[in-house]
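For reference, the chain that follows is the form predicted alone, supplied as structure tokens.
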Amino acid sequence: MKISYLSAFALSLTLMACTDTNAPTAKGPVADIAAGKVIAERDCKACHGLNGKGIAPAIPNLAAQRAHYLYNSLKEYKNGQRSHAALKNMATNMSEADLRNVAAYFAGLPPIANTAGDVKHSSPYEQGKVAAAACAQCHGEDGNSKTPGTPSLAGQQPHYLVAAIQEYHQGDRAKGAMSNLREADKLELESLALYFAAQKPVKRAAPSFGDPVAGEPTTALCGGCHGAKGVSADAATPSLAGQDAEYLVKATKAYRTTRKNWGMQRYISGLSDKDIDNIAAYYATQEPKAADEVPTSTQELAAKCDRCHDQDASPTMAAPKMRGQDKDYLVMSLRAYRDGKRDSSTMHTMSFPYSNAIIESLASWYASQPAK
């Protein structure tokens, strides 16, 4: 199954840049690499070394990075668009020539060579597939449950699945059959959820109870969150289409007693048992759809990022090279764009839906590649 999650990490900026760091730029004079080395010795060496290699995790490598990107980054620290007290203070004390020269110095250095095995990479989809084996007995190998009263997970919204499992961990949901659920960290849960989100849900036969026709008008309010005919467009809200009817009844009634959600509790309070049966019958008979497309490999996702970030991309792009970059720095940066802590409307839009598992996987893949 060939699938890909989201479009590219791509910058729409087409700022001028140079591959020859000694050539004149559109902004004016030729950069002075010798002067840049003096600045690097004075201000940058303590963190980035004279060879441009970050001295600790989460400190980026600057060697062989695009000069225009380095220049723009320093300008952003200087102007307060990026937050880092030491870098802001350092950049504020630099002239335009200083910024250009130090950027040219680091851009002209040879790339930092990776040590084999420095970073291990694996796809969150593949990790999720391994973890899903423990769920197969109840929820089906592909997430399509055949056991009455047990929910299907195939095609379910990934953020919702993570939240639901965490609620079992925290005791916010009555565990019942989930009592043997082992504790798992957030990245493992996200990988599991991505795997199930990628599986194709199958349509169910009508249940032996409830009236789907009578249930449809009662779902008018449900559709505001759960989507038309129960197909959710929100990663944090579950799809109901094609779900097991017995499970839907049980889950809905739980909001009367154990489950906590102010909106659901308020709405459920006005429904009779017959209403709930009819709603469950309606959603169980709707055509289910997979929540979203998920990457079978990180390389598939990275190939799209490479349109701007690959070393062979147009020199007029202001996007940084990412191959061979420090993994922790990449994770930190991608999360900052996603969470709106680093200013780039395009990068925020592109990265906003990305879970930590996808960011971790993408960062580890780029960090494991040879820098050029």
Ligand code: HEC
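If you superpose the two forms and keep the largest set of C-alpha atoms that fall within 1.5 Å, you have the rigid core. Each residue number is its position in the shown sequence, starting from 1. Here the structure is a predicted model, which is why all the values come from computation and not from measurement.
Below, we turn to the form predicted in complex with the named molecule, even though it does not appear here.
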Can you pick out, from 112, 187, 290, 225, the residue that has a heavy atom within 4.5 Å of the named molecule in the predicted complex? 225
Of 338, 37, 304, 323, which residue is found within 4.5 angstroms of the named molecule in the predicted complex when only non-hydrogen atoms are counted? 304
Indicate whether the candidate residues 135, 236 and 250 are all in contact with the named molecule in the predicted complex, with contact defined as any heavy atom within 4.5 Å. yes
Would you please decide whether residue 139 lies within 4.5 angstroms of the named molecule in the predicted complex, comparing each non-hydrogen atom pair? yes
Using heavy atoms and a 4.5 Å limit, would one call residue 70 a contact residue for the named molecule in the predicted complex? yes
Taking heavy atoms only, is residue 211 within 4.5 angstroms of the named molecule in the predicted complex? no
Evaluate residue 126 for contact with the named molecule in the predicted complex, applying a 4.5 angstroms cut-off between non-hydrogen atoms, and reply yes or no. no
After a core superposition, would you say residue 230 shifts its C-alpha by at least 2 Å between this form and the one not shown? yes
Large Cα shift (2 Å or above) at residue 219 between this form and the one not shown, core-fitted: yes
Could you tell me whether the Cα atom of residue 92 shifts by at least 2 Å between this form and the one not shown after core superposition? no
